[in-house]
Structures are given as structure tokens and as C-alpha cells.
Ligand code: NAD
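One chain comes next, on its own, written out as C-alpha cells in the form predicted on its own.
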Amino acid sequence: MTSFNPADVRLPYSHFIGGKAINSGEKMDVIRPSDGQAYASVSIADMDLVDHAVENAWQAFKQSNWATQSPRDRAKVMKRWADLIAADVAVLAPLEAMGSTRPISAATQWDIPFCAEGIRFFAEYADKCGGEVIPTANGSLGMTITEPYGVIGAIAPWNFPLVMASWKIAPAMAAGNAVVLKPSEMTPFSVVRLAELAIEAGIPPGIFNVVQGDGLVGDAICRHPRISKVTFTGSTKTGALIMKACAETGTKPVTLELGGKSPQLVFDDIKNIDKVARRIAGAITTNAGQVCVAGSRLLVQKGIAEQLVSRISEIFSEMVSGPTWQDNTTLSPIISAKEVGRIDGVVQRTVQQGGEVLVGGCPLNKDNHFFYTPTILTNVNMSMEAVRDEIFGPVLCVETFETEDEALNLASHPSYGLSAGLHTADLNRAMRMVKALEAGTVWVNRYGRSWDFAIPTGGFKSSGIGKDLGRYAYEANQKTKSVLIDFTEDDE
């Protein structure tokens, strides 16, 4: 049993700068989404504290041996850090689950191990990626040298606090950079524990820093002259503001994983409707749909539409809502009462536009406003809000098609292109569709990421710029210097 009492969880201090946990700044309440209770307060950084964190990171980058030591030695320290994280699951998992939307069973079995393994993965790149020799004329040598940027500004979301933070800090630090991370003010504490474990592992003080705050703090990180690159996961709207801030203060490079409205295409040649139904249901109810790659649009061939949707409805009805600290919870809470209202507003406006609620379509009950009933909307099209806009909740929009061309037309979104799912037994069709779908990631006969960290993730269109995970993420945290050496003898 992994259930726990939230009253027993020790909370770390708010910020972690220069190897020390500190409290500084005005306080704000932090609300548990499971029951709507304020369970803690967090200190919000002011501009002076942001500047202190960035300068501390810069001095650590310049004065410690983090960037200049043997890459293999840097990798060893990061692997030791990953081992400490994995061994700390009894502390980290309750800390992660209590204040977030992640059930304790998911945090224990997936979030903490995935975070640790991601750090191990990027540590291995430290001595395996670098410059190259370039073909040049006789008598000269051309080559490229890779170097860390310096200080990376990272802004992580609330939906997977530890996992998303690790995607940003691991490649940046493995490449030799220092990091200033701002977690969401709604899920502030678990990453501070990561920073404590980094010091225990031997990472120099100041290489990994955490500052708490809202959008103003994130904007200050983006605009700070010592920040050389920014990485962010979140909404497309906020991503545009981050690009603007970076462009106005030195045209810093950015990596942005942004919104999605991902289609799942199901053809009538699938062999097992129940298996596919469970896959589709999981793709929209995992973390209560609060996932950037949530499979929120079901496009199904007409011949099997009724049977498939009926089975998905049954699966939805089997889900168990409850506090994240209970290990039988299978339906996560929504992060805030405000978000519950926003989700419900999208559903109700879509109904007014002509959509029909087949299942759900309302908050779970009047006494617990942080949960939303898994919902299926039919009779919808791209002109309607629920189909057009990212909902970030457990709402599945269903459309039907007859031909491949019709399926591709429905799958295309005017703004988003983050991911797509394809379910078919026809290999030829699968390859045709993979090439034609406008998405940064296409999953065939599955939906969701695996432990294959080598596969990059990132979107097309307004779904982002650059890639998380894989070699691309590591290389995005280094700058390239070109060198040309002439070694011919002097004519004199």
C-alpha cells in the first residue's frame, strides 16, 4: 500500500540558491487540488532574489569545475544524483503527490523512477557528444567545438512537476551549464528536494538553483542578461510571451514545448476494440487530461464508431476519483477550482454551438469542485471551441470518417501539431499516415511516451520550437564554435 497521510509530509523551504534552502519574499497560499485546502505557503521571489539566483549560478559556472572537468566525471556525479533520487522515493513521491494532480501510485511507479532515469540518460551524453572535424583544403584543419551556454533559465509546469523539471535541468547540466529553475507556484516543493539531493550527490553549489514565483518571476528570468537560453513547457500563449521577452533582451535561444490538440485516428481493421478503447481512454484521462499530448480528438471510422465509443464510455464510468494520497485513485483532480470552471465553460459553450454531451459534461459533484467528470462530446467539428482549443481536462471530442483522406483532413489542426495517435493493423496505411500527419510525434498502435529517452519530443506549428529528450535536447544546451587552422609553411 502506498497511501499516506498528507499531515505527515515535511515540506522544504521555498527557494534553493547557492546550495542553501531559504525563505525570502512575500508569502502566498498553496492549495491542494484534492480537497481545495491551503496546506502551505510559499515565498515568492522578488526581482532582487531572482538577480541573486542568476548571479550565483553565473559565479558557480565560472568558478566551479562543473563545465571544465572531465565530462566523464560530470556524468558520474549526475548518475550519483539519479541514484539518490530513485532511493528517495519514500520522501519524493508523497511530496509530489500531495500538492499536485499526480496520484501517489503514479508518482511512486512512474514519476520518480522516470525522473531519475532521465537524469542518468542525459549524464551519458556528457562524454559522447561534441564537435567534429570538417573537411577543408589541404594545409588547413577545420573543426567545431561545443561549449555550454552558461546559465540556462528553466520554467516548468505544474502537471508533472518533477518529470518536466528533469527534462530541462538534466540536459542543461550534463552539457556543463548552471540552471535557474522556476517551478509552477501551484506545485513548488518537490523540485526543492531535487536540489537538496543534488548537493548531496556532489554537484557544486549554485549549479542548480530554484526560485519560486508567478509569471513576473518567469519574465524576470527570461530578461536577465546573464541568462543565455530559456526552456519552457506550458501554454502556447505563455510561450509567445517568453519568446517576446527573450527577443527583447538579447535574442536568446529558446526551447518551447507548448499546447496540443492531438488526434487519435482509429481504422476499422483494428483487431481488438477493447484494447484500443482502453488506450484511447487512458490518453485523455491520464492526469485527468492535464497533459500537453492528451489524445483529445477521437477520429474513428464509421463502421466501428458506435461500438468503440460505447466501450470508452464504460471505461470512463469505472474510474475512481479521490485524493492523490490514496493509492486506489485512478482519476486525478483538476489543478484548481478556476480550471474546473474553465473546462466546464468550454464544454457548455460547445453544447450551445451544437455539440452533444454523450457522457459526463459537468464537475464531478457539488462538494468537490476540483474534479471533472470524464466527458465525451459528439456532433462536433473544428468550428466549435472544444475541438479547436486546448481544454487541458478529461474531455474527448468524437468525429467520424470513411476514407483516409477524410481522416487526414479532420486530423489537421490550424494551430497545433504536437502529437497524434494512429490505430490500424495495416502497415502500409500506417506508413502513409505517419508521413502525412502534421505532428511532432506520431504513435502507432500505442499512445504515450515510453522509457526510450532517445526519442525526442516536440511540436510543429504553434505547439513549440525545439525538442525535449533525445540527442537534440542535449545539443540544444551547447553553443558551437567554428575553428579553422592553417598549418602551411610561410612563403618567406
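Being a predicted model, the structure only gives us computed values, none of them experimental. For every residue, the number given is its place in the sequence shown, counted from 1.
One more form of this protein, predicted together with this ligand, exists but is not displayed; see below.
Here the marked residues 299, 360 and 400 all miss this ligand in the model of the complex; none has a heavy atom within 4.5 angstroms.
Here the chain stands alone, but in the model of the complex its contact with this ligand, taken as any heavy atom within 4.5 Å, falls in 206-214 among 275-283, 374-382, 170-178, 206-214. Distance criterion of 4.5 Å from any heavy atom to this ligand in the model of the complex singles out 183 from the list 99, 183, 295, 103.
Checking 118, 94, 259, 148 for any heavy atom within 4.5 Å of this ligand in the model of the complex turns up a single hit: 259. For the chain shown alone, residue 78 is not a contact residue for this ligand in the model of the complex, no non-hydrogen atom being within 4.5 angstroms. This ligand is not drawn, but in the model of the complex it has a heavy atom within 4.5 Å of residue 233. Put simply, residue 89 is far from this ligand in the model of the complex: not one heavy atom of it is within 4.5 Å. When contacts are judged by a 4.5 Å heavy atom cut-off, residue 325 does not count as touching this ligand in the model of the complex. Along 146-181, these residues reach a heavy atom to within 4.5 Å of this ligand in the model of the complex: 155, 156, 157, 158, 159, 164.
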